[in-house]
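Only one chain is given next, in structure tokens, and it is the form predicted on its own.
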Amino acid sequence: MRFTVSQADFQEAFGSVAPVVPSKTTLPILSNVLMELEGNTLRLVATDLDVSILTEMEVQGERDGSLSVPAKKIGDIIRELEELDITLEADEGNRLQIIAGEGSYQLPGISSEDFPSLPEFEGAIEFSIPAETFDRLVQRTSFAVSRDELRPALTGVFLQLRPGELRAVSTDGHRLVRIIDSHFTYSGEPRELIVPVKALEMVRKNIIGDEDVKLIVGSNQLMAKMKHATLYSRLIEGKYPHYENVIPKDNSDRLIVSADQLARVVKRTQIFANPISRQVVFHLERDQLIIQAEDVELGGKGKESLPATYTGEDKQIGYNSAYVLELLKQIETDEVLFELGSTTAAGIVRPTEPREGEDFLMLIMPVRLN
């Protein structure tokens, strides 16, 4: 295998697959990226056995062939070879030589025969999602996915496909996000699937411009087709919780406050919160909201008020400050709406003005007051 390509083009293509490479693995081959050259087309493939991605690019091919190479090392050296044309050549000893300007660099590779094959895929249903919709869906759900591997169903985003409606849900038990997109075009049978968040993030990063993302769903796999990349992912097995049961139906107290102002106040007061609980307390009054945090052990205390509109009896509710800030990042309107019940009930957080065709809500659980 031998080909020449510009550093910028190769770095862009390599960067689109490298994030799939696992940071730690017991299988050395999974730390590599597969390069396959045929004519002037170079194909790059990376996998962690659950998620696989491939992309193709045009190069100046001289000799066909294939080799898997260490992702981190080749990524590091390519990044430093700025604004140069580079020649990559693999020899019979599975060594890759990189020639750029006056420099020559050699890396040990592993035979492409040892690299895992892409999964065989038989799609059952197909549908497309506009790029903007897909980006918003992933961005607004991925932060609330659980990292607890003992609860595998919660480590992915739950998608419900229904005629004329797409629902996306994520939760880690402390907060929950639900998006209902009624602009979704789908006419097949209702289908539910749990998609690994890593796969969704990889698709999101590989979307170029305003292209539609074509998704093909099999019995236990998902394929995402984009202009310059194709992703394969296993679906997460298991039953997703009945999330609708935890969304309060009778939260009648309403708090409306500036989202930006609230975020800045929480950032300042959380400095004085207990570093473990990260608790901030909302003191709710009719014309103002008082935020307070205190670390009893160290003696630190922070308190600040901001104007707000509140309908309900005066009360105090404790929240994890990190969760509050993550929810506020998803609010696109100037003000944020909190729908509240008792001091121990989950609070509903929404934008004050929903987008047309979209029902977006977030749930946050209170924490016991210190």
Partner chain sequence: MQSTGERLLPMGRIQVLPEGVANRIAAGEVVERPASVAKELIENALDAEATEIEISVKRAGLDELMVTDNGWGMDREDVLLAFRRHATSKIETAKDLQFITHLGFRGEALPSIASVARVEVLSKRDDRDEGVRYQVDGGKAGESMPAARERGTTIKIRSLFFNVPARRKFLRTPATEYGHIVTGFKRYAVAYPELHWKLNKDGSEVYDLAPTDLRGRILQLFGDEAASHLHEVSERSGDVVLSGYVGGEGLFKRSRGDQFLFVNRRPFQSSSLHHAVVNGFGPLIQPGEVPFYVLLLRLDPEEFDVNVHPAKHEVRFRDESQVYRTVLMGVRGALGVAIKKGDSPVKLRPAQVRDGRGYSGHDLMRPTPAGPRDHMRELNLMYGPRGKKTGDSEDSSSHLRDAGFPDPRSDSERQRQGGPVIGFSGDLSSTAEPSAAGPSSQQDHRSSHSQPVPASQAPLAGKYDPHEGDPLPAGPAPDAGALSHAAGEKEGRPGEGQRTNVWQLHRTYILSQVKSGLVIIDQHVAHERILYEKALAAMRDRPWNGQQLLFPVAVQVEPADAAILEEMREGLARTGLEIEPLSGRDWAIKSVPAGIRIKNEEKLLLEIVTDYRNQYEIRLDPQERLAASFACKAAIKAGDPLNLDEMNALIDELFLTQYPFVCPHGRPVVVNLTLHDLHALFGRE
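Positions refer to the first chain, counted from 1. Since the model is a prediction, treat every value here as computed from it, not as a measurement.
Only in words, not in the display: the form predicted in complex with the partner chain, which the text now covers.
Within 4.5 Å of any heavy atom of the partner chain in the predicted complex lies no heavy atom of Gln139.
Proximity of Leu176 to the partner chain in the predicted complex falls within the 4.5 Å heavy atom cutoff. The shortest heavy atom separation between Val21 and the partner chain in the predicted complex exceeds 4.5 Å. Tyr243 belongs to the set of residues with a heavy atom inside 4.5 Å of the partner chain in the predicted complex. Heavy atoms within 4.5 Å of the partner chain in the predicted complex map, among the stretches 207-215, 149-157, 257-265, 97-105, onto 149-157 alone. Checked against the partner chain in the predicted complex, the residues Ser112, Thr269, Thr133, Thr171 give one hit for a heavy atom within 4.5 Å, which is Thr171.
Of the listed positions (Ser277, Asn251, Ser182, Gln288), a single one reaches within 4.5 angstroms of the partner chain by any non-hydrogen atom in the predicted complex, namely Ser277.
The candidate spot formed by Leu298, Ala346 and Pro366 lies fully in contact with the partner chain in the predicted complex, as each residue has a heavy atom within 4.5 Å of it.
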